[in-house]
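A lone chain, given as structure tokens: the form predicted on its own.
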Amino acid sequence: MTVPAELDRRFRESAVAEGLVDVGYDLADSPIGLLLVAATDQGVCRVAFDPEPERELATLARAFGTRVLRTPKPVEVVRRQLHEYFEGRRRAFELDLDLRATPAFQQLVLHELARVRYGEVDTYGGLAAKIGKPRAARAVGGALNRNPVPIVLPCHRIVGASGSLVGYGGGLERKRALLELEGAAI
């Protein structure tokens, strides 16, 4: 049985309006490929490259609750800001984040990562030193590899000690493209 599009749209809107959705998500086209964008009532909780929806949805359900629904309303602001970023009209995101499913050390790293400005780069070691753990460059790299909201929290701005492009969950070609978009010296 196929549900008419209008009925489906009204159902999804009603579910969000009634607070019956733990996580709302949608897919977004971008110059670097398809992204899955998800948000809770607390903020953006996931941006995923080349999403495998079943895996992503299972992860979201384990972390935030089983009521995960594809609906554009909760992610409208995120999509708009990502679009502005990719058009070169946005240098900083103004979004609430929901990182409650993220371990404390990773949250510490992501908080410091957020301070790396548009068009600038830092190193894994530099970021480790800034969080007071100068010998934890590898641990910082691991935390960034599991960044739940790449682009918004700009792990693409972190490079190797020599300035080389290394270790990006979205692939080095995407890292290079994002840094080039920002005019970063690489």
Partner chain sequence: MMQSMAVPPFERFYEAHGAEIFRYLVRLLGRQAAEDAFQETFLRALRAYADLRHAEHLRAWVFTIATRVALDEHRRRRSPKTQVTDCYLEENGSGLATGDDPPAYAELAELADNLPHTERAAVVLRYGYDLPYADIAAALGSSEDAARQATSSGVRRLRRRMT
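Residue numbers count along the first chain shown, from 1. None of the values given here were measured: they were computed from a predicted structure.
The protein also exists as the form predicted together with its partner chain; that form is not presented, and the subsequent description refers to it.
Interface membership of residue 67, defined by any non-hydrogen atom within 4.5 Å of its partner chain in the predicted complex, is confirmed. Proximity of residue 54 to its partner chain in the predicted complex falls within the 4.5 Å heavy atom cutoff.
Contact check for residue 173: no non-hydrogen atom falls within 4.5 Å of its partner chain in the predicted complex. Interface residue remark: residue 137 is not counted as part of the site for its partner chain in the predicted complex, having no heavy atom within 4.5 Å. Residues 97, 177 and 181 are none of them found to lie within 4.5 Å of its partner chain in the predicted complex, as judged by heavy atom distances. Contact with its partner chain, judged by heavy atoms within 4.5 Å in the predicted complex, is confined among 99 to 107, 112 to 120, 68 to 76, 85 to 93 to 68 to 76.
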